[in-house]
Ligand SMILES: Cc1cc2nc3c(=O)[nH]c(=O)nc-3n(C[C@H](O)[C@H](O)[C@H](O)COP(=O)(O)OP(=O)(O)OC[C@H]3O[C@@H](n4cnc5c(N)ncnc54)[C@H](O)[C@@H]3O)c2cc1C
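To begin, one chain is listed below as structure tokens, in the form predicted alone.
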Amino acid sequence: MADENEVIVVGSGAGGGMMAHTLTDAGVNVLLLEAGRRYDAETDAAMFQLPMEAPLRGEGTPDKNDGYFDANIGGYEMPGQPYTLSGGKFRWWRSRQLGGRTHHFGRQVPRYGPEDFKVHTMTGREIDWPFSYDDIEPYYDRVETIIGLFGPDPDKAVYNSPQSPNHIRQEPPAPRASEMLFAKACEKMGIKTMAHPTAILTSPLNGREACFYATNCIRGCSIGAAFDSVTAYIKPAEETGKLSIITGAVAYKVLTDDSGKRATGIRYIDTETGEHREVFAKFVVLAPGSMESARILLNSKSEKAPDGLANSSGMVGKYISDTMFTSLWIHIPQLDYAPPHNEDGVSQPHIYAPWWLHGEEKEKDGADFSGGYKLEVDPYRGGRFGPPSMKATFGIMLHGRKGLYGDKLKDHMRRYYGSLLGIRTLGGMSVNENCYLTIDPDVKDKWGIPVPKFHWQWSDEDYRRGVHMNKTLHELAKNMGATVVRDAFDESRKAGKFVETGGETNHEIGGCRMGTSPKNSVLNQYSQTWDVDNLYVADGAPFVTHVEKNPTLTIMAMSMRAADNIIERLKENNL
């Protein structure tokens, strides 16, 4: 156990776990605060259980919104921990267990590309990050060496979608039948497909076993094949003897000295007793999730910081964003009456199509929006996280059909189980000033802490991107020989111009963005706050732009880079 806390880390997910791992590996004493309980996939994951073994047959509860089998405690709605809206539609997902969302996320870990960090320089839109791809590339390599991932041969990479070098990446699993149809259809459209970078082992690594494709990864992985923060980061950090952990610790305020320019510790609530406690250290790192980091800083008011800590720019809580999402349910007659066979693989697409339009090609196409989107087809013959349920498959295909019993019902099931699929796009978002959070002056949680109030507004550019995404999906469906059964985007348009709910893709980032000046940003390039010298933010809050790539790998790479900065300062006694 650590004798003296040199660094307090709030949050134990992708960013917090990586921070603790990097610091303790360098001999730094770390105290980790986690709002939820202990969670170890090796013992806690419901990996092989059947629905009949689960409470309520696996249905959701207030403690586990997504059901018994999802390796997440928490969700959009948590008893006694509300949030409010001041405009638009937004939902805030929270995880309350050691390891955070890393137990149940999709494990998709693409790298951001060179253009993603220099959007303004390349396109004249939005703003640039304060560092380049060349600066973060070594950290991508280091993170991937720890977490393990499969992916395509780097020689097959397309523009602005760099891939992992061969000495790091593992071989991807083979495409499924539906994915081969998807790839052939994309080829007709001039779109290149490849294996999707995914943090799941196909070969053993660091004492973890290779995946044997037995169950859904969102249940958690008891053999450690699917990356999670506890298995890859926190357990090795504990083995150093340099890590102490307090669970059930809801951090709500950063403590500072009289000058207000140095953080001295964290004030938190003990969820078991309801007591307010304080802990102290030389450095403080916030990594509880981007929205929570912004909330903590805004609630850390003082005489020296009347608008919230590290908020002299007025930028804390501003420019939040989420990944755009559109999808189609399609029926492919070619796959009707598919014989039962095991093509489970990992619970993510084995292949995908990274964004393909850039420069002159993009202008010629008329795609008038920043960034782009990627294309995917649902694995598992219809269900992203496992074989499609009766409700998912036949709730759609039985629409308008009545009187199917006995042999007719069995025939119907045999026909459509395997020929009903989802195709989807995940796109960037144009970060804008109309998406932000503040502190609600009237509403508090069950511990008396003011809650966040969200405001959300998609931009016209987002709408243009969404229309383009939807159009491409329809063209893809046609080239797959499919008919469209359901179009979620059409339902959105019926209710208004574009009403997709922010936060529902669970890629919410921003709120403490980094930059080159304390006048227009909260953090410098090392995720260090401009206003408070020894305070860092190491989750998704520092993000500047929101592109079509999943953010988790970049969160971890930036956290490692921030950790290196702290380690160097400790060595030099630069406090």
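Take the two forms, find the largest set of C-alpha atoms that superpose within 1.5 Å, and that set is the rigid core. One-based numbering along the sequence shown. Since the model is a prediction, treat every value here as computed from it, not as a measurement.
Although it is not shown, the form predicted in complex with the ligand is what the next lines describe.
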{"property": "Among the candidates 193, 178, 290, 321, the residue which, in the predicted complex, approaches the ligand to within 4.5 Å (heavy atoms)", "result": "290"}
{"property": "470, 300, 108, 256 - the one with a heavy atom within 4.5 Å of the ligand in the predicted complex", "result": "108"}
{"property": "Region of this chain that lies against the ligand in the predicted complex, out of 301-309, 330-338, 461-469, 87-95 [heavy atom, 4.5 Å]", "result": "87-95"}
{"property": "Interface membership of residue 19, the ligand in the predicted complex, 4.5 Å heavy atom rule", "result": "no"}
{"property": "Residue 24: touches the ligand in the predicted complex, heavy atom cutoff 4.5 angstroms", "result": "no"}
{"property": "Heavy atom of residue 507 within 4.5 Å of the ligand in the predicted complex", "result": "yes"}
{"property": "Partner contact for residue 523 in the predicted complex: the ligand, 4.5 angstroms, heavy atom", "result": "no"}
{"property": "Contacts with the ligand in the predicted complex, stretch 4-21 (heavy atom within 4.5 Å)", "result": "10, 11, 12, 13, 14, 15, 16"}
{"property": "Displaced residue check between this form and the one not shown: residue 67, CA, 2 Å or over, core reference", "result": "yes"}
